[in-house]
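Included below are structure tokens for two forms of one protein chain, each presented in isolation as structure 1 and structure 2.
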Structure 1
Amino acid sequence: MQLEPLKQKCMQHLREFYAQWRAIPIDKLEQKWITISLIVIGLFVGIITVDALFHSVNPPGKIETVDSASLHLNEEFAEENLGVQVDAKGDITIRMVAGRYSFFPKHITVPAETRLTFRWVSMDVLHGVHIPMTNMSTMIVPGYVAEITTTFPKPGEYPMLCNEYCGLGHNHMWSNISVLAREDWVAPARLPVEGAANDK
């Protein structure tokens, strides 16, 4: 077969490369510095990898498409389904639409210390949403659903700001979110619409 000579050639190249690598004079102190740098970098890489794999500390990244041009025909994001909904299992999902220059609905109320799943879509251009001092942050790209799960530790009134340039009115694009203590929060009276709440 052709494989054996190829393998040998590769090994030959690698050996050569290694020998040349060893021949580069590197100062002792610099060697130490590089070793320390590598350890620090390794540490950082290790932390983010472990976080990502085992604690699912992950930015949004579930690729799910949606037709931004016809949201009004989309059942999940129809006007009456927006905002906070609690499903049969008690899980809270918040569906929000971003459009120039507002977030809909304009105001929502959620409980603190509770797992919340936000599902964001855009009806026009690129937007971003951030609730300052929290990690509720995502880009809202037309054509995609941005889903992000988070928990707000502290009750309070928070602004919700658009943080990606979306046109000349960009800085007018904001709304409010009230975070209530867990015990003070009551689920919105409106019952979840059949079929829409369970998107699985």
Structure 2
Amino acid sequence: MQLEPLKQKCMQHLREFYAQWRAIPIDKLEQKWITISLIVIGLFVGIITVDALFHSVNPPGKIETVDSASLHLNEEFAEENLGVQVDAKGDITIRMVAGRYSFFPKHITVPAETRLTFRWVSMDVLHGVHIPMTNMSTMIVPGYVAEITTTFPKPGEYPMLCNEYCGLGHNHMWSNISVLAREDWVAPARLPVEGAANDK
């Protein structure tokens, strides 16, 4: 395929477009604002491109889906598998379900100064989760698994709040996390969930 005729055709279209653009009467002040707008857009696109190519800042690649309508049949998020679990490697995973108007389980106990992986799913509508004094703040979108890894710096009682309006009972949607000193915490006597992503 010869590129020269295609290149000439494109250049011809660009020249025609430029001639038509120049024929439109535009005030000088409007031209300045159009120019500024295009520069700002170009700057933002440039920043996004540089971050994607050189700083590896990209959208999440690990997107897990789940059927919100049949969570009770899901092996990982079945009722008996919710809460705190420790796998064979000693990693701690907390699985929770958000639904109007509560987080399930309502109360969990975890160790301080320990790496914890939280995995949430929604059984109905869009929810959010926020735990004050931590980096925990995320949306729980129906049909997707939300995952955050964090550490609680010190023992205490931490409220878990819904920060996305989910209906009339939204302001009553909360849960509680008791954080104990690492030496005082006792791992729950449950087998890890088979087939879960974190237990491979």
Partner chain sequence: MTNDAAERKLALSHLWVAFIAFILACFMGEYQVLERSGFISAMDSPTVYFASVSTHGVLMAFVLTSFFIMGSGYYIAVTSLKQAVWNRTLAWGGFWLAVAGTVIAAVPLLTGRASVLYTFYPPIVAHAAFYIGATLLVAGSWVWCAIMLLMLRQWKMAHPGQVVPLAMFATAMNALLWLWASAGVALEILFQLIPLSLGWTDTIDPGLARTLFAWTLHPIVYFWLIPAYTAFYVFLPKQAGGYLFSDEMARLAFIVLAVFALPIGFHHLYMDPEQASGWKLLHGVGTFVVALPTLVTGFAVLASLEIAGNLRGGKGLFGWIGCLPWTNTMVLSVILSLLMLIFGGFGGIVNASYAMNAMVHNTAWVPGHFHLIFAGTTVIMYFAIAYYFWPMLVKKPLYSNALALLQLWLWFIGMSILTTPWHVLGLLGQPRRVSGVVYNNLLTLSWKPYELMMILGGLILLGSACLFIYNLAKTQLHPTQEVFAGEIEYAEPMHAVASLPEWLNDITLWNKVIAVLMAISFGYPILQFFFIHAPGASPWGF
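Everything numeric here is computed off the predicted structure, so don't read it as measured data. Numbers given to residues start at 1 and step along the sequence of structure 1. Note that the rigid core is defined as the largest set of C-alphas that superpose within 1.5 Å between two forms.
K.L.:
Two forms of the same chain appear here; which of them is the form predicted alone?
P.N.:
That would be structure 2.
K.L.:
Is E157 among the residues whose Cα moves by 2 Å or more between structure 1 and structure 2 after superposition of the rigid core?
P.N.:
E157 C-alpha, core-superposed: shift of less than 2 Å.
K.L.:
For Q31, does the CA position differ by 2 Å or more between structure 1 and structure 2 when the superposition is done on the rigid core?
P.N.:
Superposed on the core, Q31 moves its C-alpha 2 Å or more between structure 1 and structure 2.
K.L.:
Do you see a C-alpha shift of 2 Å or more at E183 between structure 1 and structure 2, with the core held fixed?
P.N.:
The answer is no; the displacement is under 2 Å.
K.L.:
After lining up the core, report the Cα displacement of F44 between structure 1 and structure 2 in Å, one decimal place.
P.N.:
Superposing on the rigid core gives a C-alpha shift of 14.1 Å for F44.
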